Structure formats: structure tokens, C-alpha cells
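This document contains two forms of one protein chain, each encoded as C-alpha cells and listed individually as structure 1 and structure 2.
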Structure 1
């Protein structure tokens, strides 16, 4: 079966399980899955487990290939993982940081590697940062460079943990649009953990909502986003309205007692 399939995945810490027996039906190639849920619901743990970081049990398969059977080198070639933590504020210029990430995974000659790095900066709209030192960049700018370090490798699976959290509205949309462009070009799959429900509704192909380590809802926006799901996941009273284009959006009225 093509796409990403997760079966009975459990992960967490030795004395504190976080994800319990979670399964996702096939996420098709070329699609963007938005991962929603409150703080401490298990979003980051789920992404880390898919990436093969930390202790976990269960099965994760990408295009019928069981990821746990791969050696480290092949795994990092196939999976691009962007954690919440920012890239180090090192003396390297951004171009060097992205080139190092590219060369660490892809065996490319110098000119091909240079073209790949240049394309990553163009795709993300951060050419103006290429020769800036990492220790002089803002948090949002370093976050963009971190994303460039992932997309330059052209992985088959992108795992992005809140890549829009430090960005303003313009750059949030630029990140999403850049990721979608990569998916169209390569037929890769991306999972993006995101707190902005309305941004996720407008930009993702499918949504998955997790709460307390379990999958609460999965599917297209219209089947996932409802007052009941939002109440269960976030503990708030909310309404689902529709804009003039028929796209749903969430309005939160108050936090439930």
C-alpha cells in the first residue's frame, strides 16, 4: 500500500507512556496532514516516534517499507524531521548550515549540492538570509533556516513540529505554501503539528486530532472539525462557521469549567 500507515504505535518515557496504541490509516502520497491537539497531548512524541527517536513499539510503514527495519543512514535519507527546538545560534552563515545538512545525507557533487541549497532558499523565500550568521538571526529566521535544512534533502516523509510557531502571518503562509510545493514536486508526505486550527483547516488535506495520547478524529476537515471534537480535545466551547467561500473556521466562545 502506498502512503504512510501507522499501526498500534505506542511511545513515551519509561515511567510515563504518552502515545498509546495509536493507528493511522493510509496517508496518501503528496498530502499534508495537520496534527492538532492541546499542549502535552502527544503531538511531539508521535512525530519523534515516527522519526525513530526514543522508545516505541508498533509499526510505521512508508510505501510498504517498514521504517524500523532500516539502518540509520537510510532512515535519515527518507525522513526529514524538524523539532520544535531552533537550530543552534552558531557562527556559521545560514548557507553553510543548510549545505552541511544537505551533505550529511545526500551524496552530491559540489555543483549539484549548491543548486539544491540555492533552491531551498528560493522555495522558502529566504535568499536574503543566506549569508547572515546564525547567531545574528531572530528566532523566526532561524526556524526558517531549520526548515531549509529539512527540505533541501528532499525526504519522502517530512515531520514538522510547529514550524509556524515563531512566525508572523505572512511567513506562516509562506512555509505552508513551500511545503505544499515540495509535496507536489516529489509526491512526499508531510505531517505538520500546528496549534492554529483555522490555518490547518485552510491549508491541510487531512486533519488528525489527538488528545491524551489517543487519536480522537482523522479525515477531511468537514468530518473532523466539529464543536464536539473541539470540546473534547481542548476543553472549550466553540462554533464552526463558514466564510463566504464555504471554508469552515472555528470561533471559540469560552473555556469550559
Structure 2
């Protein structure tokens, strides 16, 4: 199993490509890749292109399987993409939202679908939300239900666009731990677009930093995060310090002029 390999991927609008000729060497099975980069750097476009949404050119292969050659249905089964926007506050019961995600494009018998839905709520530790209406849930809780919609299909590749953006500290860790649990169990690969560099450093196996649509750095967290890379990507002066446990963390001093 070679994991995920991306080569010469371009994506975005016809006249203005957001991602240009981006390549990513193997992301091994079972690993978590953090995707860092400033706003509008192309993180979402990259995730959408890998998921097969929107126009793109180039190659994306998962365990030697070129995703573009797969038919729509097979591709959907392999990839779970969590969009950046939260699920709306509709009168749907959370259980129904996840059940619909489970059954919308696949013909499943009721019992199998029920088991999958139950497992998704249990894995994410949000049983208590399952029978609530979405319009009674907070933004962060809806984000968890959105994640359950992805997890319920047990995809081989999880593409999560800022899954922790609406969550407090405890739930940020719970989400990452839940994703980690799924990766351990299924040897799936996850790419997480994330803004919190320190959370990324602590939880991801590898980091990719993109800026203006191209890859700035890729590798194990310690090798990627440096004042130079942060300055180049975000335009801020930052220090990389180490805490008492020896784990690096980033302190931002000021925005560069």
C-alpha cells in the first residue's frame, strides 16, 4: 500500500488556477497530514480537487488506484470530504442527517445503515446529540454531526476542511483523537486543513504548508515548522520554542510590514 500520491495537480477557476501544478509525495496509510496555510492559499480548493469536486487536472492516486479512473459511485465510497461550512440549523434530527448521508447514494438495508449510524455517533462520542434537532444544536455541535456524516461511510481517505474551527479546546482534541482512532482501525488516510499551528504540531504525523497555491514545505512536523516557513506563508515574525516536554510550539511576535 503506497498511500496517497498527488502529482501535478492544478485546480480552481478556468482563468485563475488556485492550485498550480502541486505534487505531494506519498502520505502513508494510517497517517494524519495537517494542511497549513493562510486564508485563500488554496487549502479548500486542494481538498475539493482531491475529492473530485470542481475542475482539476493532474493525478491523485490512493494505494496505487488512480482516483480519476474510478466511476463516481466507487470514488464517493472511498473518499469522505467534510466541507468547511457547517451543516445548517434545519429541523432535521441529527440521527436523520447522518442516516441520509449514509443512504443518499448507496442502497443499504435498514439494519446495516442503523448500525453504521450508531457507530458513527459512538466513535465521535456524541450519542447525546443524536436525537436532537439540528436547529437546537450549537455551531460546534453541528460541526460534530457534519463529521459524523463523513465518518459514517468509513472512507479510505478523509478530507476534513477545518473540522475544528467551531470547537472548544476539549472538542478539538476529541475530534482529532476520534479521527486518529479511525485511522488506526482502518488504515485510512486523513488530511486536515487547520489554522491552529500548535494543535497541528501536536496531533499530525506530517504537515504540508501551502502558500498561493503551491507547496511550500512538506514533512514531519519538526522539520517543516521554522520561522522562515511561517514568515513566508503567513507574513508574520514567529519563534519556534520548546515546552518542558520538548514539544515545539510557535509564538507569534508581530505581523511583518
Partner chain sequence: MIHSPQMAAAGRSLSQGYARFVRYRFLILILMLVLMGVAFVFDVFTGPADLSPGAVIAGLLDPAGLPSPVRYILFNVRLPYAAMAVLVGASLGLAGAEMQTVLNNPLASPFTLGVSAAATLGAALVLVTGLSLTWLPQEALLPASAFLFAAMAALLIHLLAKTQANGADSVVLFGIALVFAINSLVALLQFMADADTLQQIVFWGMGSLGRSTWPKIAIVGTILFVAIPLSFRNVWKLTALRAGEAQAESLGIDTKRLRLTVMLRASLLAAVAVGFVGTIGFVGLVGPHIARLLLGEDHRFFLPGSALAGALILSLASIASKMIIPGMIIPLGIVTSIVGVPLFLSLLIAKEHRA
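Because the structure is predicted, anything quoted here is derived from the model rather than measured. The term rigid core refers to the most C-alpha atoms you can superpose between the two forms while keeping them within 1.5 Å. Positions refer to the first chain, counted from 1.
Peer 1: With each form of the chain shown alone, which structure should be assigned as the form predicted in complex with its partner chain?
Peer 2: Form predicted in complex with its partner chain: structure 2.
Peer 1: Answer yes if the Cα of residue 90 shifts by 2 angstroms or more between the two structures on a rigid-core superposition, and no otherwise.
Peer 2: After core superposition, the C-alpha of residue 90 moves 2 Å or more between the two structures.
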